[in-house]
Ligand code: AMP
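Okay, so here's just one chain, in structure tokens, the form predicted on its own.
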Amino acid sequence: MKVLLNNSSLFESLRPFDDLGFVPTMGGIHEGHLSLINKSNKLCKKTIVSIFINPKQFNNKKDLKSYPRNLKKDLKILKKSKKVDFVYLPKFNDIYKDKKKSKIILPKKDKVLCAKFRKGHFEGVLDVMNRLTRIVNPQKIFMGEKDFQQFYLVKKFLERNHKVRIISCKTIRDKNNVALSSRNFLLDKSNLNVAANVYKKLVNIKKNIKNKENISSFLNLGKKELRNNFKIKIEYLELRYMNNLNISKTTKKSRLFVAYYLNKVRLIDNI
């Protein structure tokens, strides 16, 4: 595993390879990231992982400050996996050397779910992914479905602007079915137990949606029950089509999306 600390080192090291799989991360490496790496190994000759906490996609300064960081641990996990050929650790100026302001504007129809509540977040995500793709020049990028909206927007944007394929990988969950996330490191055992019970309730809600004539009212009732039962702040609970993220009235080709705060930590999931 070769660690690349700047763009010059990256360009020199990657020049010989034309079948490169890329796993972009913000660190906090967990089994979910390792599943992306495993898939890249199966489909590509070489795999590169980046670790870069992108300040431009945080709409809350406190969130940026509290985001889990442990580079030493991350590198140890990646090395132990024996499936990573390169790790790219760019500095801010490596990514944002071109100081031109991003012209990325999210269409109004896409300003739903997290985009509605996190102003500027996905513009920052698309900007950094555009820059990283230009720098790394991979043939395939591997992303998890836990943040399905992010996968959907990045795939649509990058495949239109670059010769690259965005490959989705299923959400990896812990033994209690909590979706793995770097933010989970900020939660204690009792918080994770609550998250596990929230997941069970979500499964039950989706299971019963098909029997309801007024899905919107049913989901509003579900939100109320989640708030009362688990003392959590819910931003949204919505059923949407997977292919365009429009509001859905059927569980076919749709997912139930949720975002909520647990002990001031924002969690998202979809089933």
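In this text, residue numbers run from 1 along the sequence as written. Keep in mind the model is a prediction, meaning the values are calculated, not measured.
The protein also exists as the form predicted in complex with this ligand; that form is not presented, and the subsequent description refers to it.
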- With a 4.5 Å heavy atom cut-off to this ligand in the model of the complex, the contacting stretch among 199 to 207, 24 to 32, 212 to 220, 231 to 239 is 24 to 32
- Task: Please state whether all three residues Y67, M143 and L180 have a non-hydrogen atom within 4.5 angstroms of this ligand in the model of the complex.
- Result: yes
- Message: With the partner left out here, check for me: in the model of the complex, does some heavy atom of A115 sit within 4.5 Å of this ligand?
- Response: no
- Query: Though only this chain appears here, would L36 touch this ligand in the model of the complex if you measure heavy atom gaps against 4.5 Å?
  - Reply: yes
- Query: Any chance K97 has a heavy atom within 4.5 Å of this ligand in the model of the complex?
  - Reply: no
- Tell me, yes or no, whether R165 is in contact with this ligand in the model of the complex, where a contact means a heavy atom of each within 4.5 Å. no
- Note on the structure: The one residue among D85, D147, D110, D127 placing a heavy atom within 4.5 Å of this ligand in the model of the complex is D147
- The one residue among K156, K79, K91, K170 placing a heavy atom within 4.5 Å of this ligand in the model of the complex is K170
